[in-house]
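Just one chain is shown here, as structure tokens, and it is the form predicted alone.
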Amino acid sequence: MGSKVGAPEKLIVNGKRLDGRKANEMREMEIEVGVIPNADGSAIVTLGGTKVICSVYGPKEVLPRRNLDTEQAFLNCVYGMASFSTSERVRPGPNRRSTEISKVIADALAPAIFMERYAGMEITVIMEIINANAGTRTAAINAASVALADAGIEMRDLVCSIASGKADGTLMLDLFEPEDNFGEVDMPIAILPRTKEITLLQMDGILTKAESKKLIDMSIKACEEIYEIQKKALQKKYATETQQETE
């Protein structure tokens, strides 16, 4: 965050962001469910230039056994970036960043899952960033939530997530790459839409109390829109399956 070499002179020009959006406008989102036949559940989420594919396996036996929890499920989330997902080749394999984000995503998803109903079992969620243009962890959460539902995992609600922030002194919804790289604040958030429970809230940068409240309110409103997109994607998949069964 802050001033960096190579930063554009302005991130807001004539009241519009560099990609033509208004400050409170998110990028176009598309979700496709059931894209990996061998997975128990799967989804692809495209958010502007960011694209993530997610697969879910389980519930299944916990391996290694040291991860066994007799009171709730072991939620094994694995976040990674394809080597071709950015302009500079990403080194294959886990690193400190991917390990941290995997843990953050697991913590964001767990409150939505009836973890106690899968006591002693493992649920594995694998998220691969195919193309990165900011908001990768939030796109991964949206994909994982839908893939878990596709896998038939019992959930209290879907989890919806968006990354917002501040650039050129303006609060913005759904940062894209230049804003993420050169803006002043980045704030990813995830919620359970029905109860408005926040399951993820991080912030890189400084906001006033009033700015924080406004940005959270903007993000929650966007998450409600994402919720509708998630539900429609799931409904479309199962409507198609029902039609195929009756033909």
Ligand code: ADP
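In this text, all values refer to a predicted model and were calculated from it rather than measured experimentally. Residue numbers run from 1 along the displayed sequence.
There is another form of this protein, the form predicted in complex with the ligand, and it is not shown here; the text below is about that form.
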4.5 Å heavy atom contact, residue 172 and the ligand in the predicted complex: no
is_contact(residue 133, the ligand) in the predicted complex, heavy atom dist at most 4.5 Å: yes
Report yes if any heavy atom of residue 177 sits within 4.5 Å of a heavy atom of the ligand in the predicted complex; otherwise report no. yes
Would residue 86 sit within 4.5 Å of the ligand in the predicted complex, counting heavy atoms only? yes
Note: the ligand not shown here; in the predicted complex, the stretch from 151 to 159, 112 to 120, 69 to 77, 135 to 143 having heavy atoms within 4.5 Å of it is 135 to 143
Candidate site 81, 97 and 186: all three near the ligand in the predicted complex by heavy atom within 4.5 Å: yes
